[in-house]
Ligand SMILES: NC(=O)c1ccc[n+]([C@@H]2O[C@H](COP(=O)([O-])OP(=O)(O)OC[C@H]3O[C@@H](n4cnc5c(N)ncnc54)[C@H](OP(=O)(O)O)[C@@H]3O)[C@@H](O)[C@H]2O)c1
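Given as structure tokens, the chain that follows is alone and in the form predicted alone.
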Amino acid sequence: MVATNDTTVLIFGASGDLTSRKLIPALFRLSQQQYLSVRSPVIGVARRPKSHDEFRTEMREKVQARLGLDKFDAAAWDVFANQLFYQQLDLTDASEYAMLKTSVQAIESQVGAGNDASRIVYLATTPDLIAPAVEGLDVSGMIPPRESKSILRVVVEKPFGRDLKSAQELTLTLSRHLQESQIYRIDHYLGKETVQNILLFRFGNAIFEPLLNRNHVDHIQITVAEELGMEGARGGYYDTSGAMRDVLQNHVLQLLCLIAMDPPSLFQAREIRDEKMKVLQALRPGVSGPIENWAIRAQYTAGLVDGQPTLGYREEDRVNPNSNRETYVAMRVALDNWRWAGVPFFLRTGKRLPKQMTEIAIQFKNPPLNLFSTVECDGDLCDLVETRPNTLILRIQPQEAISLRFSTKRPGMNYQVQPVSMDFEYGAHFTAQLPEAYERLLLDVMRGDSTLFTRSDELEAAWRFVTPVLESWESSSAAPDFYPAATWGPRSADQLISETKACWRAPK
């Protein structure tokens, strides 16, 4: 394994939860694997006064607590700590960025970074600090001119706006100071190993890709389910966001792009993102008529989780007791293109569902002539059941896996059908620890690989599709549908999919 070139990593918002919970552990792992050069300083930047040693001690304690004593390598941490620094900065005060530039140059000289070292600025901040941070970088001369050989890449965390207008304003703000090639809009879902494997699975195997089209696929379901509710005082943020902004507009639509896109001409960032963009341009409501015909919103009520009573959404801490904010979204959408014409896509995401799970389920059409059937019994009730459709399942989390469900003959003298599965689980087949999403994405930023990051036109296309739905919901005084905690959603979502004679999967 070879380290990347010398790269200075500045984390704006270093006192936040994201830094200690995801970014520093990811960089520590990259250091352990020798992907992060020992001449690459990691500089936490925040408003609070703090020394280098105080920052190192604080990060060590949090990383050690996250990994556990048995998995924490103290010797490796000591190596990493030597390249860990802290700089106090008021992100809203442009006059302080000159001091930041001087400090960064001194630290780079101290660790022996080369003159051609690149810089990464990770904006792990609230959205309101993005504009002043980028402006401060520009005013101080830390953003190299277009003709310069120096490299600066800026990583922006979601949310990328609240609707189409705010997303366009964010893009305009960034474009005043940065080139599009310098901007890395991060969606941690795209760093997950199984998400990346979707493209290799589709385009690296001759068996499945010819089947992924309207001639063979009956429908596709994409589910992003969360067990948690509003733990960690999350209610204050979530009540201004909701399931549509928090998950569906970004994570779910990105998964849709990857499973539905056409093969790129080259396996490179621009070509892959071009094909994803074509999917978003083809995205349409799944049926005609008012929004409620194809988009369902709902909110969880009190219920039982592991046998214990739990609060309803409106009773959660920091949530408006009269809130109509959606904690669940289900959609029936379609792609108006040659490959997928007539194939319904069912998307759903929600809080307080029975389990934490993300998967893509592709259900194929039944054979044109049904020759086989079997008798299935539930207690004393038996019925004649036809062959069940083949289903290809790509599980993103937990326990990343790929499964193919098909029919075979049940042992015996009669031709009776038995559904079975062929399963591949990453954990069972590969002994190596799967990299965390942020490890892969941070390494890609260091390498200048933007394949797994969202381009501005992708972002705006996604918002262009969901904004009318949000505006309709937020202008209505009608309450959302409701579902008890630890169930798979409201009845209206079941009706949405049952119109096609399908039903939602209940993953085990």
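All values derive from a computational prediction rather than experimental measurement. Throughout, we count residues from 1 along the sequence that is shown.
The same protein has a further form, the form predicted in complex with the ligand, not shown here; the description that follows concerns it.
Residue-level contacts in the predicted complex: of P389, P264, P285, P127, one residue has a heavy atom within 4.5 Å of the ligand, and it is P127. Of the residues given (L91, V343, M230, A167), L91 alone sits with a heavy atom within 4.5 Å of the ligand in the predicted complex. Note on the interface: of 404 to 412, 150 to 158, 102 to 110, 199 to 207, the segment with non-hydrogen atoms within 4.5 angstroms of the ligand in the predicted complex is 150 to 158.
Contact check for Y189: no non-hydrogen atom falls within 4.5 Å of the ligand in the predicted complex.
Taking the partner from elsewhere, G16 is found to have a heavy atom lying within 4.5 Å of the ligand in the predicted complex.
At the 4.5 Å threshold, heavy atoms of R447 stay clear of the ligand in the predicted complex, well away from it. Using a 4.5 angstroms limit between non-hydrogen atoms, R491 is distant from the ligand in the predicted complex.
Contact annotation for 438 to 460: a single residue, Y438, has a non-hydrogen atom within 4.5 angstroms of the ligand in the predicted complex.
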